[in-house]
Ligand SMILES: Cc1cc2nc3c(=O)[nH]c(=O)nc-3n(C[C@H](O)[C@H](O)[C@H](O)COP(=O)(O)OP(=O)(O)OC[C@H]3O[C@@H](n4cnc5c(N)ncnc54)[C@H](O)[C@@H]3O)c2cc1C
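Just one chain follows, in the form predicted alone, and it is written as structure tokens.
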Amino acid sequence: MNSDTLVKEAIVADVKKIVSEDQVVTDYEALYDASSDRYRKYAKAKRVLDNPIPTAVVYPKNAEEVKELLMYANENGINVIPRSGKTATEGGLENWKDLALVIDGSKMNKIIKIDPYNMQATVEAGVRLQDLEDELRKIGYTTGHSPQSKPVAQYGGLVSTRSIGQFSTLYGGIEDMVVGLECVFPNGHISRIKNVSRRAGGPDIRHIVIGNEGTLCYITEVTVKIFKHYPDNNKFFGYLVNDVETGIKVLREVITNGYRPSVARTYSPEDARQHFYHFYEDKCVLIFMAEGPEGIVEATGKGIEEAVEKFKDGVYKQVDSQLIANWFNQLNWTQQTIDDEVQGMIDNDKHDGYTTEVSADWETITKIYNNVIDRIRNEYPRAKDLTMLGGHSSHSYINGTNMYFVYNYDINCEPEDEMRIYHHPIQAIIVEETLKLGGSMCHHHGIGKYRNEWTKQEHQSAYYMLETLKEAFDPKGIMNYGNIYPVQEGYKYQK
């Protein structure tokens, strides 16, 4: 038995003294699964991951146990990977250290309070978004939050990755929904941010926690806004348009005129083909959904129609609204969807593709889109292997929108080389063009471990603030090593 094994056994023994034995998992299959997330999904499915597996997966049941676990890890220099929901896509759950504890919040799964009068709900970090949504629907309310991972995502992960949902144009991102929260820092300090509608008590300290990706603290409890639900009033709108620019112009017209459809999207023809193959006719697809009180829905629908009319020269035709409604009803993952994708990669030596999401102002977003598509098609040496390259705008704001690049390719290499040969070069082009034009390199998936080489360029002079947070709250660097903050040790996995 080597010294590394002895050290790991000692850590596991110590952890079992902090929590009960049945809360500590050291089964190899569980550890292999915990060593990475959906970023290197193909290599993971093919069993060729080269990063270290964690020492153990631990399932605390309350904030006090999280506190004791973090203090132990902090005192002993052990990497901690906070996990909740397992739906991360950017390497945020990947382990880069020989000694690491994955602290999984899924056992902290109580819905503490639903408070319709004050329009908020409080949950532990391991509560699944779908479970809270189901309880709210019973009494006529909704979370307003609907990412594709809704059936399996948990609140700790949603808040720590600054997630967004498909209805964000109306309800906002998770940062707009969080009222207050509880979190634990590496030194064991438990902070509780109280639930108030607004305050001017200095900087908004919620945002030290929201989006920290497990690099500063561990989230144990969250209070979020809730909204009245009006499903009977939903209206759907769909159009075929001639180009991405027209779609973006219509989105801008609707949003800047003050309307807030819950969904507002435009798809390139390549991206539209995989979602709307039965009616897209080689055109871009523009879709909207209006929801809420009847009067608001009617006014929003009128605003959408007026915007489409204004740019009618670029609009090819309107499509049956039921086609759009049917598509929305099939949008979310389930655990079975994820399991089937993994089995498909094993059986067929291929996968369903990757995405890289960016954001910019209205004037810039189409420039980024065109530059990226042009560079990939003309400069990327494996362009002949691409089976799909496109994108869509799906989250809009008064001053801009996002672009969700989507791409897939035939994998003509060994599984362990796929990211180096295909995904990383494509993502690099997307990030480079976005930063060059002043956009943000990550709209809602977070930085994780595979965009951290551009973190300093993303924040520029403001990186001082980000760096100082890490030094203050995690001076020993035990929280999710390699996430957000660039580290030399991770270069071998990135390249």
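Bear in mind that the values here come from a model prediction, so they are computed numbers and not experimental data. From 1 onward, residues are counted along the sequence shown.
Heads up, the form predicted in complex with the ligand isn't pictured, but that's what we're talking about next.
Is there any non-hydrogen atom of residue 130 lying within 4.5 Å of the ligand in the predicted bound form?
Residue-level check for residue 130: no, no contact with the ligand.
Contact test in the predicted bound form: residue 288 vs the ligand, heavy atoms, 4.5 Å
So residue 288 does not count as contacting the ligand.
Indicate whether residue 396 is a 4.5 Å heavy atom neighbour of the ligand in the predicted bound form.
No, residue 396 stays farther than 4.5 Å from the ligand in the predicted bound form.
Contact test in the predicted bound form: residue 118 vs the ligand, heavy atoms, 4.5 Å:
Because no heavy atom of residue 118 falls inside 4.5 Å of the ligand in the predicted bound form, the answer is no.
If the cut-off is 4.5 angstroms on heavy atoms, which of these, 169, 359, 356, 163, is the one near the ligand in the predicted bound form?
Looking at 169, 359, 356, 163 one by one, just 163 meets the 4.5 Å heavy-atom criterion.
Which pick from 234, 89, 195, 366 sits with a heavy atom within 4.5 Å of the ligand in the predicted bound form?
For this set of options, the contacting one is 89.
Looking at 376-384, 275-283, 408-416, 208-216, which one sits within 4.5 Å of the ligand in the predicted bound form if you count heavy atoms only?
This holds for exactly one stretch, 208-216.
Even though the chain is shown alone, can you say which residues of 241-265 have a heavy atom within 4.5 Å of the ligand in the predicted bound form?
Heavy-atom contacts to the ligand in the predicted bound form: nothing from 241-265.
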